[in-house]
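Given next are two forms of a protein chain, the same chain in both, each as structure tokens and marked structure 1 or structure 2.
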Structure 1
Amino acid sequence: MAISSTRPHALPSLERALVIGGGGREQALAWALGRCPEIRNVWITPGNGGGEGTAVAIAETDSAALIAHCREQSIDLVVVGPEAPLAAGVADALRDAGLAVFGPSAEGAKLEASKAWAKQLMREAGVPTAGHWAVDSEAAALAVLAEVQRPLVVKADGLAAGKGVTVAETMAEAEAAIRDAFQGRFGSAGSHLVLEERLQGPEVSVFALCDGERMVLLPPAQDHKRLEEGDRGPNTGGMGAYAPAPLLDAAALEQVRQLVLEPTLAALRNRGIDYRGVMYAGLMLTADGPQVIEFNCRFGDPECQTLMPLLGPELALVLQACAHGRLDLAPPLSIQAGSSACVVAAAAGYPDAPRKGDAIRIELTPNTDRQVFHAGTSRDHANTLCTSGGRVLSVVAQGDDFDNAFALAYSSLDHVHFEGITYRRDIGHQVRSKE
């Protein structure tokens, strides 16, 4: 049965969608929107060398050009992928222009863009999270450290592209991180710091699609932030992911909804923030229960690539309903049984100095259980696909269990070629059977 025959009539039609962003997450979102039978066209700005949606060269923060494009193409739904345009107020500008936008306002995006603001909100809402001190001078930070006599976690307050956190093992390391931050290592993001108690436990990510008042939860996912196998080496944007993460079963996910997500959405509402977008809770499962490590105001990358193939074609209608503040009018979001695995292929030198400009060859035949989502790719003047960024692409595969899903992802990577291709072979080690 076509979705269109069952769709509620209180929401406008949904034929033309725009995804804002140029990474793998946005390619996956465009792909997922395109699966909705009602949708005829998906645009992506600026996109990359990948083939999802029709790419239009508009910068992700250029609100005026985005509004002009949406008017020209009669866009019914805009989905904002990355945090930077959200924090810069792009969703506000587009909404003010009368567009339906999935993505929070700049005020709501503070959940990610200011860790001190988010911690204060969590405190108000009674959400479990590590104890913290917000400081805005080096002297104040060092004084806290001297008083507690423990190596606290040091976090830059603002957006720092995932690099603003130091989990210090020693007092000297914590002191060095504080000095570095006030010497400008994270730019203005580091002029305010949050010092936090260190928590222990496995990490898991939970994504709630919010309409300001209500929410729909996606299966929990786990990513691998470290560059090297064995979860070692520098932090990255994420080298791979898998879902659903068995760390949270249905009852535990329900507990997270009640303890963390709903109180946070209610606290935002109390502040007058109509939060329509993704609430991404990075959780640590401690001996005392789940605690929030961070909130983000967008889908995780590469968790999004991993999750999208598990979601039904109703996703587009669910996002549209969120954008209209009417999740009650959305069809139920179906979730496919089985496991999804994602492995990121990065360029040599990632994350510090990735090599760029190498030709990419992908020799794969279509398979409905596999997707290749481009990230750091572009086409040169001869239309050759080339590497253009640190995380070049991700290969995502589904199977009836994680062993099969990862086997397909890894065998597929044997057919992806570019100079210096780098990927971890142990993504999902927690859920794969040991050989």
Structure 2
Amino acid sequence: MAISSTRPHALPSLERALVIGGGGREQALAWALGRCPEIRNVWITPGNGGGEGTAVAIAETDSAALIAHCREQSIDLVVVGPEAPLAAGVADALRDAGLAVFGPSAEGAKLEASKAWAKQLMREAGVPTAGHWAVDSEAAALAVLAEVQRPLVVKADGLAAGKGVTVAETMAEAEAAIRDAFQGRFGSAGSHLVLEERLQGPEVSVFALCDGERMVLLPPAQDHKRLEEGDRGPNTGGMGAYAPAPLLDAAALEQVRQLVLEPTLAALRNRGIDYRGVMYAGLMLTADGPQVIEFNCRFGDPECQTLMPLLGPELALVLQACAHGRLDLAPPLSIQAGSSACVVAAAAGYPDAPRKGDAIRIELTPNTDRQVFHAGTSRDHANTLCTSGGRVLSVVAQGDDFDNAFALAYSSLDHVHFEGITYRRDIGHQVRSKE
């Protein structure tokens, strides 16, 4: 169970794992860990109404209860899913208790928890990113806007559940986003803002599994943030994704490693941060090369759901090796050939006021090419599966190509029923040859 202060010469046994979090990402992680032949039990806390892992009713930031559970169950590996517990220092507390944890410290989580901090780190590391202004008052933000005389991207500095960014099309829209933030729309997360120059180009997500010194890159993925088809409507946490995104071939992915990921990891080390977890670079592929839009300190959601089925059963050992700071002891991570597609089914009213409490009926059985990962679901007193959040669940499917993968995902959604179900029918339009 314990991770020693000295680095091991071989990885300890791995039979029992705990995933912290209650969304679709965590369901996918629990499912992926369960595919490892060495793993006997996976717990998930607090979990949701889905069936991946054994759910335990412990809040994701309750470090004392989490430590007690890990000791009681002799947990060999803890994987922290969401950004909030990472920013709150849950990984630090568990490591201090002697547990092997995949997930960065609170200091490392600033990569996501403070956009201004991350921008400064990128500047130190020479990582390409958009020009920006960090401001801490409405007056200062409006003064920047008046000076540049063009619309900017307005970002809440802190954690805002993926909804703290406005890509303004007009000066008026940028001004309104600034006023909304300082009037409390994002709580304390919006008390400081980062204003950025707009970049042009397609977006892609790249994930690196880090042990503090080394990294393993996963296939690139692309998600769809806008609520409505045609990439219109408000930003959401993500309405679907696909992988591997053909925007980056092997050579381009290696360029991202050298230009972005390795310099960032080195800059973290220079600050005394032993970063053991996911480094998620959200990139825009501009005419001048890849530029970082933002960093996150955890797997993306829904990119995680679409990536996990492509990763081999060695994943649990790779995450364990990262937790111990010894990726050199991990087996190679195999990647399945083919394409993976993920479509999110959301509740009516999402993202502003999602409806909750509707019964869910799922008339399909997951198999080797199709998965259902629950997110905003729960069980009522009669054990009926009900909606309890904005993004209710994800249907994920794999195929020889994207046409086949998305055809299976969408045909499977025909067998998912709840009042007000809403989902985009054009997820993956970039890679599908037919609708």
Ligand code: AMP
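One-based numbering along structure 1's sequence throughout. Rigid core (definition): largest C-alpha set, two forms, superposition within 1.5 Å. All values derive from a computational prediction rather than experimental measurement.
Source of structure 2: the form predicted alone.
Once the rigid core is used as the reference frame, the Cα position of R71 differs between structure 1 and structure 2 by less than 2 Å.
Relative to the superposed core, R226 shifts its CA atom by less than 2 Å between structure 1 and structure 2. In the core-superposed comparison between structure 1 and structure 2, N270 has its Cα shifted by less than 2 Å. Taking the core as reference, the Cα of A140 moves 2.5 angstrom between structure 1 and structure 2.
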